[in-house]
Every structure is written in structure tokens, then in C-alpha cells.
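Just one chain is shown here, as C-alpha cells, and it is the form predicted alone.
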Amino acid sequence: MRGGLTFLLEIGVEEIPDWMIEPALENLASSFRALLEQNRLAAEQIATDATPRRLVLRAASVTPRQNDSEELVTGPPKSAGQGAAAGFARKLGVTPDQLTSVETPKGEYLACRRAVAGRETSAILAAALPEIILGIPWPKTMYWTHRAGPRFIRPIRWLVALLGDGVIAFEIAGVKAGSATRGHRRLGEAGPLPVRYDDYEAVLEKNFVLVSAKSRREKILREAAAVLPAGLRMKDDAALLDSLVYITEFPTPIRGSFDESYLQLPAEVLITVMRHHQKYFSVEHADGTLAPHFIAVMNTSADPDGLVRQGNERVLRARFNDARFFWDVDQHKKLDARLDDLAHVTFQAQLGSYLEKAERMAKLVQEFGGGEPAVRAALLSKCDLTCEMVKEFTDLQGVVGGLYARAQGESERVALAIYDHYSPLSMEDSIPRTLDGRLVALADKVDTLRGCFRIGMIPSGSRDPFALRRAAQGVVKILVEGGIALGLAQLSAGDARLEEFLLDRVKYYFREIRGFAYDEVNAALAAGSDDLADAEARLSALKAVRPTENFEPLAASFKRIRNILKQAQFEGGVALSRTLLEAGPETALHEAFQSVTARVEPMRSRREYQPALEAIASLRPAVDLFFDKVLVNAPDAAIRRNRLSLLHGILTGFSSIADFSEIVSSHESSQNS
């Protein structure tokens, strides 16, 4: 598209919580695109940006006005007579001879085609933008004028809305849209700053606002590296970096230091204090060990007298002293001595205390085949919930338990299993490092799932107070990536709803996380889901063999076989009679089937699924010839049953790797689309 107008929208607000910004931008952009589509308008280069004090949407080549159009207005039935026709014409401002008629399901009706002038885009935007802005979904909203006034995440303080060189006229809560923005709260000019589409970012940068999140991110990384001595580096922390990008408008990193004596505390404790409580980056040596420094990010341009640095160091010193005090106090009571204390910590009102949960977890670990270290780790896994360190730094639960177990003489196997048992916390997180840890993590998540499903706390829509979807996803990830052969039926303990819930998470994992096609997932899981690591191996083989020339045609034949058996209500149980096989294509198919089976069985037992699938695909010519030359539904009942038995044997014989009838061919996909 060439020509058109530029569009700039800026919503100026009080500071928005950083984690809410990106979802708000996605909604703003999608709502704007929907508005254009609904009004037959177009635009290019639609982009969003944000700082904590502004949400920004920009677009280029916006259609200046709608094209004129024509609409067909339907009136009364033609049989209604001349009076009705005259009234209809008068209503539309035309003469009766300008009317026409159209055929409808109800008969012939009078109609009139009339021209509709296109609306100016500025008028369309002026009417729609208040609703789009106030329609951004937030976890919480507030009003700032009166109870019946507009609600938003924070009070709206200014609005910029420009289409070309003109201001789009609208207002929200008494704030009129204009052409002036505002700079940095402390460093920018005091008054409003007039802007145009072309100089918007430059004007704000002169006033210490970097509109682009990408620019703020690069500034943090570049300047953080510059303030560190040689041999030191800032510890990677993508989530913290994202947070700092969206809580600053002009980020400036500074380096602070702390006394080396604090390094006697575990690195996990120090990093957590810096990261979660102060939003500081940790600093490490080249070998990954922690250095006595940190990187803080200011929302200002400089700290010439070091006052900000000194303040950050003072606050961090107090936090570290707290952590050291908690560590020392907690060592006075070992983890196993805290078991009875768990009886007074409620897991869930209907599911009992954490002591009861820990005991259930220990039994589950035994059920899953875990040895004594895993059982002991399960029993001790929740004891750190009674420790002062976890009460103060809740993010360290599990980790602190593992650290205390090691410090108090528990075996390394027990310590590692406790340390890791909350993992994985997300699809990007790693599973526990050891088999003991994986079994304890499974027991923890499965106990929560079983209990919540038993008392009816099943996720519904967006409601999931116990994060059961995350727990189920963690179960799936551990089973697949940890190579643990536990079936969904066993994990569900007979609860069909829970088994279906887990199966849904399995499908999500293979489709969305691992990137397999939905029909491949259905085909592999239809052949068995008791061993998800094995299912993954079968899926990988299926994906690799699918592009070969014989695969999809053979899958279509398997679908045909399944339909034939279903229509005949044939479920097997009839022994194949070789004497009833007709010479030619039927006998050839049977012999090919036997030959392929003899090759496939050893491969399947060795889990060599790709060559096994390639061997199965080689059946295609024999299957095609059979269907081309042989009538399955033969008049003779005995021959008909024998042919159904042959097809049933082929279908079931190879379905332990994948149910080929679930595969959707490229031809079927194009027809469905």
C-alpha cells in the first residue's frame, strides 16, 4: 500500500505494573486491527511500544477514509401492493420506479440499492478509540474521578492521538486527546511536549524517555557490561531483565558491592535476596562463582556522588544480615525434627496438613519404584516450610530444604531430590537432575492433582487456584524428558476426569512445546500412552517417515480398513484361513504382511521405530492392488469374514507403533481448509 496517513496513539498514565504491560499491548494492537477490518480500512507497520507511564500504538499508510459502497435495502413483499411500495420508496427518499425486487427464501421482496458514502477515518477512530482504550483487560482496574467514572489500570493523565497532522477528537474522563506528550517524570521538561508522528521518539529521548523496550534492554546490557571490571560478568536473568525494562523509562545500570564475608552463605540465598527483593542482577566470575558485587538499574541518568549506590548497598547489607541470621537460627533444628511441625501447616482445608501430604508423597514414591533416598527426600521435602528463611524468602522453598539437608548431614541424593522437587516450574524450566528428584517431584504434583480432583477443585476456564494445569504439565515434562514409564491410568488412580486432564496436557506438550502435528500426536497416543518417553520416540519416527512417498497413501488405506471393519461390525476373533485366500492380490497382500511383520517385530522390540515404520510403509503397493482387484464384501460369508480377518490383522498388527488411520493426508487437509 502506498500513500495513506500516519497514526500515533499514546495513552499517558501513572506507573503500570511491569508484568501487565505486554498483554495490554497485544490487546491494544489486536483491537486496532479488528477496528480497521470491521470498517474496511487498512494500515501498514502496526507496532506497539510501552514504558511504565505510556502505552503507544503506531501505524503507517492508514486509509484516510472508507471507500464509498452500495447497500441493498430490503422492504415489504412485492405482493403487498403499490401502497406499501410507495411507503417504502418514500422512506428511502426515492421514487417507486427506482425500486427493484429480490428473491428470498420467503418469496419475492421489494428492494433498493443505494450508495453509501464512506466515513472519514478520523471520525471512525474518534468514536472507537475510547472504547478500545477502556476495553484493555487488566487484572485489576481503578476509578479516579468518581465511582461511576471510567476504570483503567491507573489514572489516565494525557492522550496523544494523531492521524496525519490532525488531532483525533475524543476524550476520556475529562482528558482530551491532543498532540503533546510528557517526558521523564524527574529529568524531562516540566510542561507538555508537542510531537508529530515523525519526531515522537526523538522528542521523548531528548527528555530522557526511551520509548522502545528494545532500546532500554540494549542500554541496560551495554552499560552493565561497561561498569564491571575485567573478568566479571552480569548473571543472565531474562525475567529480571524484562521486569527492569518495563519499570524504567531511562535505565542506567550502576555497580554496587558487598562484604565478601556474605559469600559464606549459599549463592542461591544471596541471588534470591538480590533478585526478588531488590531487583539487582548478581555478578559472577568467569567460572560461574558469585562475586561480591551487584548491578542495580536506576530510572535516572547518573549517580555522580554515589548516593544511589550507597543506598542500595546499605539496603542489601541489611537484607543479607537477615538472611545470615535466619540461616544460623534454622540450623538449631534439623529437618527431620521439623516433621511434627508440619502437622500445624495446612496444605488445603479438605486435604489436610503438609505432614499428611508428605506422608502421602512418600508412599507414592514407593509406588513409583523409588528407593530409600527418594522416600526420605519425599518425607522431608516440605519441612523447610517451617524454617525462618522460607518464611522470609518464600521463593526459596525446596531450595532451602535441599541446602539444609546437605548442611545437616543428609546424603547428597536426598539433598538434591529435595532441592529440585518443585521443578519444573514452567515449560522452559529444567526437570529435576536426578531420578530421586524426579520421583519426588512427580509424587508432589500427582498428590496435589489427585486430591484436588477428588474434592472437586477442577480447573474451569481461567480459574485454577492450585495451578493444576502447571502441575500436570510438570508431570508430563518429567515423564517424557526423564524417561519414566508410568501410565496416565496409574497416575490418575482410577479418576477418569484426571486421566483425561493429563492426556490433554500430554497432547498440548507434544503439539505446542515439541512441535509435532496434531494428527501425529493422535496417531502415536492411540497406540499407547503408558510410556510417554516411548510415545515421543514413536512420534519422532512418525514425523521422520511421514514425508516419504508411501506413507500418507498407506495411512489413507488404513483409514479405509478401519471404516470397512466398523461398517461390518467386525472386531476380530476369527482365525484367518489360508485356504480361503484367493490367488493373486489377496494372497500377495497376506504374504507381504507376514514378511513385513517378521521384519518389524524385532525392530519394535528394540524401539527402532523409524525403520519399522519404513517397512510398514512398504506394504502400500500390495494394499493398493488388493483394494483395486479384490471385493472385500464378497457374497460368500466365509470368504467375506476371512478377508475382514486379514484386514483386521493388518490394522491391529502395526497399531502398537501408531494408529495410521489417525493421519490426515495433505489432500484431506486441503479439502477441509
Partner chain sequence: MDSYQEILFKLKKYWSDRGSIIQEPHDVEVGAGTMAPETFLRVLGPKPYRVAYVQPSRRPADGRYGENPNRLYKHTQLQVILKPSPDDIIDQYLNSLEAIGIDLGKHDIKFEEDNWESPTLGAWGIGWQVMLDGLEITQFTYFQQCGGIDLDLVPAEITYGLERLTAFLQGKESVYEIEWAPGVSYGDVRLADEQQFSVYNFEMASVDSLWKLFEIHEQEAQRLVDLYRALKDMAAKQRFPVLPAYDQVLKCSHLFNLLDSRGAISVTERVGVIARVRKLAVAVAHAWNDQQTPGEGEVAA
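Numbering follows the first chain given and starts at 1. Keep in mind that what you see is a predicted model, and the values were worked out from it rather than measured.
Beyond the structure shown, there is the form predicted together with its partner chain, which is absent from this document and is the topic of what follows.
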Inset, instruction - Could you tell me which of 504-512, 309-317, 220-228, 546-554 sits within 4.5 Å of its partner chain in the predicted bound form, going by non-hydrogen atoms? - result: 309-317
Legend entry - Residue contact check: H590 to its partner chain in the predicted bound form, 4.5 Å heavy atom: no
Inset, instruction - Using the partner position in the predicted bound form, report whether T448 sits within 4.5 Å of its partner chain, counting heavy atoms only. - result: no
Legend entry - its partner chain contact in the predicted bound form: R376, any heavy atom under 4.5 Å: no
Inset, instruction - Classify Y143 as contacting or not contacting its partner chain in the predicted bound form by the rule of any non-hydrogen atom within 4.5 angstroms, answering yes or no. - result: yes
Legend entry - Contact residue in the predicted bound form, from L498, C112, A527, V297 (heavy atom within 4.5 Å of its partner chain): V297
Inset, instruction - Select from 348-372 the residues with a non-hydrogen atom within 4.5 Å of its partner chain in the predicted bound form and write them out in sequence order. - result: A349
